[in-house]
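Included below are structure tokens for two forms of one protein chain, each presented in isolation as structure 1 and structure 2.
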Structure 1
């Protein structure tokens, strides 16, 4: 197989995207077909490439900037996964986007995203990767901005948050270059012991976190859930960005820096993972809107992946990566069900929805499977990856484990609420004429739901063929892992799930409505205060940044005024006062002039003579 084939998964979608972009279309059928065809071609190509190893390196520019690509087990795995999601979601989008405005832009950006993700995954040069990585900002901005009139605000927010963290990553790359003298990823190996090494690690990890949507770089995602078209949520925040962010985080931890369990950076990662899990899931719990609730879970689940990789023990890392692919499957499936409901019922407000299981049975089943997966119900895929992360966390310390289990409890609780409110509860107003979604939308959902089952029941298959080789390439040898959750862990998980059910039932008992079943948590003293602050965005890094910026600007303005005052008022007043004094001497009195002249002369002569 020629190395040049490596260029195809990058070049074909990008070229197709650029070609599609300028042509407006009323219905968008042609665009959708092209997109699907390109995605399917990429999938076929990725599958053909899977299992092989190849490298392409073309000298390009000075300072070690080569155009070098590398295909090996891990990147091939991500390539296949990305192409698979791209194919399924493009099929879904064909139904969802039909007749909507700005389809040319949507499909153009979609294709660009696919090509750029493939580029970032395949790059074996940090600068080249950064090029693709940052390039993703363009379709990201575009896809959010085309959502509606005011979406550009959210798009700007996303651009600034992700762009700023990309700048951190750029700085980290510069540090890595200065430490190792090379930019080739497969040759870089930095010790995290030194201050510079640690700084480089943290800076590059910030880039990965931000791409994956971890706290505190998450705040644009729930906003985008409202602002952008649904397929965008399914393709970027739910799947491709997670794949890319966690892929790169794993590469940093495993290859570039060789993170060890005794490093404080590992503890930092785990702590960040736990914080992300808890905060985001608590936020998800109280959401009253389908997509926004899902988007908080998209953040929360990143916490498990970061926690897993951060443990720096084989089972945790495997669990983290396994959770990444599982999450992408069930979360995009969940988003797609949300899109189907939105498409048919016309709303995603939980209050207005209800009793859709009869009208949309397939969607409902897909939802149940995916929700069970994300909640960690055996035997679905999420259960196994979570158990592995738990095992890793428990190995490092019970605290991290406890946080992870608490997160699991809330996840289950919020999905009980969501499922109850949308599919079971009594029928909402105007829900009588709701029909099942079209086949083009159902096929991807069903496929993803099936994958949830397959990856769960036959979990040894993805672990052996996809995950283990990926990390084996980095020298991590997996131990006995397959579904090998210990009895203790399984029991604890079941306790958490049971607790969630009990919690839901008691909440439902009070209010008799599904969507208010967790209101008692929302209204808990203390928590309700925190919720209020969070809903009002007191903790949003973007708004904090904006406020800090405004504060700095005001402060600098004050300083500026003060300096201006010194120059414009004080200095001028002093100058004119002196001028007035000097002018007062110029009286026109001849004798005074002569006296002053002679006095000056006397002073000069006296100085010279003495």
Structure 2
């Protein structure tokens, strides 16, 4: 294999994206064909590279900045996954985006995203990785901004949140370089026992959290669900950024810092994972809009990945990485079902939908499979990855396991609400004219739904072929991690799922509508106060930052006015008062002047003598 083949998955999509971007087209058919062809080529090349190892290093700039690429089991796995999702979603986008404005920009940014993600995955130099990592801010901003007239506000919000967290990662990389003297990822090994090492770990992890969409760097994702084109949600927040963010977090924990179970950083990661699970899933539960509900679940599921990797035990790490790929599969499928509903029904408001199972049967089945997967229903893929995360969390402590199971209860409850409201509730106005999505939109959905089944029933294959070699390359012994979960874990999962079903049935009995079946949770004392604050964005890091800036601006304005008052009023008044006193002494009495001069001279002499 030629080492130059490592450059092709990066260069081809980026060059194609740059060529597509400036050329407009009325229908965008050529853009769609080029995008699908490039994505399919990248997938074929990634499959050809899979199973092999290669490295390429070319001197690029001083201070250890080399153009270094490395293909090994983990990066090859992510490369195939990213290309696979890109290919399926490019096919879907060809139907969804037909007739829409700014298609050249969408497809151009789409291709740039694929190339930059591949570059970040293959990079073996921290600064080179950072170059591709930061480059993703451009298509991120662009794909959100072209969504609607005011989408630039959400795009700016995403740019600021992700950009600020990336600054933290830059500082962490600088610390790593100061500790190790190298920027080569495969050669970096930092102990977390020292204060500097722990600080570097946290700063670099912040960048990974933000890219993956973890709390508190998540708030732009639900806003983007409303503002951006649906394929954007499927390709970036749902799949590629999750793959890239969790991939880099895994590299940080397994390679760069070698996280151990007895480290306080491990506890910190698990705590953050639990907080992300609970807060995001509770917000998803009360949403009344299809895509916004899914966006909060895209955040919540990151918590399971962070929790699993944070356990620093083999079964938890494998579960977290397995959940990463499973999430990308079922969440992409869910977003595509949402796009199909929006495309045919013209809305994603739950109160306006209903009864679509007959009009859109294939979309409904794909939704049910993906919803069962994300809820952890056996034998779908989400069940097995969650059970592995549960096992790792339980090994570290029952508290973490309890939070994870509670998250599963609320996940199942919210998808019972969503599925009931959209597909099984009474029909909304105008839903009689809705028909099934086109084949170009159905094929990616069906393929992803089938993967949910395949990766569940035959879970040993992805675990042995994809996951185990990835962590084994980092020195972690996978051990026996599949073939069935413990009876206790399965029983508790069934209890959580059963509780969610009973909760939904009781709520539906009260309200008689699917989309209001969990409103009683929203109105629970204590939770209602927290929900009110969350809905008013009191917990949004971006809005908190804006409020802090406004407070600082007002405070500084008061300081500025105080300084002006001191110089313009106090100083002037003091000067007038002093001169008035001095004028009063000017009596024309020479005797008085002589006395004052002698007194002044005496004071000077006394001072000098001392």
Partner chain sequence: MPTLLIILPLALLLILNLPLLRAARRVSFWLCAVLALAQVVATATHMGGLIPDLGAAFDPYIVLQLRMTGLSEVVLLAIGIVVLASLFTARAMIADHDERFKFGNLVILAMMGLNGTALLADLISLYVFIEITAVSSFILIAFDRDSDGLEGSFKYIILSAVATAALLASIALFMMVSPDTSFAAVRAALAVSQHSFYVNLAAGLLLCGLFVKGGLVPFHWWLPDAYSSAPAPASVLLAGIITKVSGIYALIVVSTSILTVGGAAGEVIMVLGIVSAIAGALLALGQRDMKRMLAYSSVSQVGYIMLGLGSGTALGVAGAVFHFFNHAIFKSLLFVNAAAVEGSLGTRDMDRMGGIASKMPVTGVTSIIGFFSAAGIPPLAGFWSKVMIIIALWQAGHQTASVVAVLVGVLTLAYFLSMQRRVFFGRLREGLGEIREARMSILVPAVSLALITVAAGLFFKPVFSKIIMPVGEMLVK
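Keep in mind the model is a prediction, meaning the values are calculated, not measured. For clarity, a rigid core is taken as the largest C-alpha set superposing within 1.5 Å between two forms. Positions refer to the first chain, counted from 1.
- Between the two isolated copies of the chain, the form predicted alone corresponds to structure 2.
- Relative to the superposed rigid core, residue 18 undergoes a CA displacement smaller than 2 Å between the two structures.
- When two forms of a protein are overlaid on their rigid core, residues whose CA moves 2 Å or more are considered shifted, and residue 575 is one of them between the two structures.
- The Cα shift for residue 53 between the two structures, taken after rigid core superposition, is smaller than 2 angstroms.
- Here residue 566 exhibits a Cα shift of 3.6 Å between the two structures, evaluated on the superposed rigid core.
- Comparison between the two structures places the CA of residue 602 14.5 angstrom away from its other position, after core fitting.
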